[in-house]
Every structure is written in structure tokens, then in C-alpha cells.
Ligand SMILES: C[S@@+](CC[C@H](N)C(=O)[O-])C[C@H]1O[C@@H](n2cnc3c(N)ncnc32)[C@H](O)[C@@H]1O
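There is one chain below, alone, in C-alpha cells, taken in the form predicted on its own.
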């Protein structure tokens, strides 16, 4: 689920960048690859002893650990001997995978909204858990005010991605507090440059009406320098328009996107891009309530 480049990035952050000023939060570890990268990197860090003295276990990792309907096929496709049905736990597999770095890790199993209380400063915040809007809201409200200005890095693993448009709009809502520092795979990284007041993380929905969401989606789309990633971001905006404006508006914007990214819509584009395009086309055809609010496109 993570590219080699993304894993190297996490390892490098822990080994070369991390200073121990705050915790490393690894939110949404699935089978544990990101935690292993952070842990193995931290073992190579000159700050290891100080971080362990200060925090005991500097890495706090979160995973729900419950098999979803799509996971059995994923396990089989990737040659994993683990077998389970939706609703069962795969926590034992996670524990086995992170065992080599377990002494550095506070592993918390369950819903992050129940297990995720953190009162210490956060130096690295890796986010691959934002699969639902309410989780995204929880993370922002509970973690963003604990970032260290000039030091903390937020890593959005689902940012350069055709789904989860709220991940982009929430992050861009706080753009005055961050500098965009780069992209790897589907991951975007942001440096916190200014203290985020706790009150600024509350009631965000009041400032995110439909027009503002679409404006922020347009801002997010411009982050990447890679045409394929920008295309995926545009497909994410298609889904947002579908939610806010309805099918006709989404279909019209999708046609614009196709004309604006002709290379990405060709038959020989990557399998990932073709899959994302098919998903957006299906989303545009789905039935929707006639009460959907109308807002102007950004």
C-alpha cells in the first residue's frame, strides 16, 4: 500500500530529520510498514537516546485492525497466507510486523477517536487514517494545535489521490499555517510554520460552505508538478462537485478534465489512472437526491 519511495522517505525523516522535540504519530498503519520505517529509521538517528529518555516510546501508532470487505482479496493478491473474513481482527499480523521495533512503539489498537488522545507535542504526523470525514475532523481538532512551528511535518498519505476530497479541503483550510514541501507517490508533505490555535481547529464546517470547498479543492489541485497526480486531484474534485452540485455539474467538469489532460485519458495510461477515471465516471452516473444544494464551481 506504500511505494518504496514513500517508505524511504519515512525512514529518512526518522533517521535524519527527527530531533525528539515531539512524538512521531503514525495514524493508520494497516500491516505496519510505516511504523517499521519510522522505527528502523529512529534506530539510526543520533537523537535516539534522547528521544527514548524523553518519551520512552517516541512512536505512537494507530490501527483499527479489523478486516474490511476488500481486504481478503488484497491479502490473496499479494500472496499473504493470512486468511480472515470481514469483521475479524488482523491485529496479530500487525504485531508480528512491528515486533522488531516494538520497544520504540506505543501501539494503540481500535478506533482512533477512542484511543487517540495525545497531550504531548507532535514532531511528525503521518496520516493514512482519514478514511471518514469524522476521523479527519478528530485528527485536526486533536493534533494540529500540538504541532511545533518550524519543526513539525504533516504527511498526508491520501492527498494526491482521486478519493477523499475532504482531506484536501481541510488541509488547505489551514494553508496560512503550513508550507508545502513536496510529494512522493500519493503523499504530500507540509511543514508547520506557525502555531495553530486550538480554537482555529474547531467548528471548521462553519467556514467550509460549498463554494469554499471547491475553491480549496482547486488550490490543492495546483500543488503537484506531476500531470498524473494533478489528474487524480481533478478527479477528486469531480467527486466533490458530484456531492455538492449533482450529476450534471460533475459530468460537465469531468469532460473538461478529460480535455485538459488528454494524455492521462489515453488507453495506454497507467492502470491506476484508468481505474481512477472509471471510478469518477461511475460516480457521475450514480443516483442522487434532488435536494442536493447548488453552489457555484470554483
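Numbering follows the first chain given and starts at 1. Keep in mind that what you see is a predicted model, and the values were worked out from it rather than measured.
Form predicted in complex with the named molecule: not shown, discussed below.
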Fill in the blank from the handout: the named molecule in the predicted complex has a heavy atom of only one listed residue within 4.5 Å, and of 191, 71, 80, 163 that residue is 71
Exercise for the section: Tell me, out of 242, 64, 36, 230, which residue has a non-hydrogen atom within 4.5 angstroms of the named molecule in the predicted complex. Expected result: 64
Practice task
Just one of 182-190, 218-226, 103-111, 146-154 has residues with a heavy atom within 4.5 Å of the named molecule in the predicted complex, so point it out.
Solution key: 103-111
Practice task
Using a 4.5 Å heavy atom cut-off, state whether residue 167 contacts the named molecule in the predicted complex.
Solution key: no
Handout entry: Partner contact for residue 90 in the predicted complex: the named molecule, 4.5 angstroms, heavy atom
Key = yes
Exercise for the section: Evaluate residue 204 for contact with the named molecule in the predicted complex, applying a 4.5 angstroms cut-off between non-hydrogen atoms, and reply yes or no. Expected result: no
Handout entry: 4.5 Å heavy atom contact, residue 30 to the named molecule in the predicted complex
Key = yes
